[in-house]
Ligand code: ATP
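Shown below, as structure tokens, is a lone chain in the form predicted alone; questions about how it binds or moves come after it.
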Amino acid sequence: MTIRRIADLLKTGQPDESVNIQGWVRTKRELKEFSFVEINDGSSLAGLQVVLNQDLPNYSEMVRQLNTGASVEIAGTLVASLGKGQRIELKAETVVVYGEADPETYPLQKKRHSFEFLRTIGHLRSRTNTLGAVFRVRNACATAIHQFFQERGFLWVHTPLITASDCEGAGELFTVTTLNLKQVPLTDAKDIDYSQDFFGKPAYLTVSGQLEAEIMALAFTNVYTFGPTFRAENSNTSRHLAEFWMVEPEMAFCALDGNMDLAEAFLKYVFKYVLDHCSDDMEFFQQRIESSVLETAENIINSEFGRITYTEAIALLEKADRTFEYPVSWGLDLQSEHERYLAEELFKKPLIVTDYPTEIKAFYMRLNDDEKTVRAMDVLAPRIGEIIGGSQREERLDVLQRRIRAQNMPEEDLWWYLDLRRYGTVPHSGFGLGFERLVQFMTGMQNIRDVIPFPRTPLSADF
């Protein structure tokens, strides 16, 4: 008999239907003449209640084995449930226990565990209600992202994880090397001799696929990347990971206005998809994690995003009837408290801020005619601040060369990037979205380590 997903049975299963399920025991309740067990297979927040009668073969021994965490396959017949909160339950006819779980040592029991504790048992935490809901929402987000871009004719490109360039200029890079670290070869000048390394020059794990996406956009018009990126930032906070996933679309023949339009449509699409496909999980987050997640999602979906310049944002912040921890002044970057004030309290909806000062943005952003600002944009959302950052790219060769020199960057290392401006240059734009930040924002989870299955953080690289 075909194995059925519990999620499907809870939606469409009918009394008198013979079914097979597989999964793990969540709870067990023994009565005099029969027992109840709840089985969950990860396909839904809710499990399926199974009734075990005493007339089953080896009933006593079988029930002894069915402790929380045990894995089973159960065949039987669906019946209408007399209990509250459930439409159907399964009357068991055969039970196979694949793997027992010792109740004395199994760390997940029917009680609330702190997220800090669950991070110490990363190999088991996905079996909990909260982490199960997180990873179903994460999966739905990823599906929606691909669907959004594929429906619009974007090409998914796989940009390299090993790179010789630092897209952000931040210098927080993981080095990739095959050199013997106990005996590193040196040049006559006592520098590391990278000519003897695998690639013949310094190489790193990528912090962004943007520059390579620009290459592909100038051949395929509309492309996007969706993959892991890395940053060796020694930040032990609830907002930082050393390994995280990025979504980065890049569009040729597209100015900043088109970039903003796409970012707004993108967020609305992903949030609506998740509400449509993970309603039970989102309701769980609303009740157990953050009471505003549904309101926030509806606000994203139904609001027309505000749009202001950085200069206008600074003026509004300077007029605010409050004192900020970080100073507000034209030329300084906006901090999270500033972004949240604008989105949460002033506009009360998502907001796109554009045209930031040249000095605080990357070399590749298009210089405005005032020579003081660049065609950058940040999408700010209530409760989290910046969720998307992007820009129109500098397509003019002479201006780009000037920007690179002003930042004392080695022009020869970017010869290929400059070639894109020499041969068939066009206005083009793109943005980046941190995938884990999106899942964190959507679910209300407080720590970014709890929205990725295997977090990589300072001094932590388990599994």
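Numbers follow the displayed sequence, beginning with 1. These numbers come from a predicted model, not from an experiment.
The following text describes the form predicted in complex with adenosine-5'-triphosphate (ATP), which does not appear among the structures shown.
Under a 4.5 angstroms non-hydrogen atom cutoff, adenosine-5'-triphosphate (ATP) in the predicted bound form has R231 among its neighbouring residues.
In the predicted bound form, D197 stays away from adenosine-5'-triphosphate (ATP), with no heavy atom inside 4.5 Å. Although the partner is absent from this view, G434 contacts adenosine-5'-triphosphate (ATP) in the predicted bound form, with a non-hydrogen atom inside 4.5 angstroms. Contact check for V157: no non-hydrogen atom falls within 4.5 Å of adenosine-5'-triphosphate (ATP) in the predicted bound form. M246 is the sole member of M246, A203, V72, L275 with a non-hydrogen atom within 4.5 Å of adenosine-5'-triphosphate (ATP) in the predicted bound form. Proximity to adenosine-5'-triphosphate (ATP) in the predicted bound form, defined as a heavy atom within 4.5 Å, singles out one entry of E386, E283, E344, E359, which is E386. Contact with adenosine-5'-triphosphate (ATP) in the predicted bound form, judged as any non-hydrogen atom within 4.5 angstroms, is confined among 78 to 86, 134 to 142, 149 to 157, 234 to 242 to 234 to 242. Using a 4.5 Å cut-off on any heavy atom, the one residue of 438 to 463 that reaches adenosine-5'-triphosphate (ATP) in the predicted bound form is I448.
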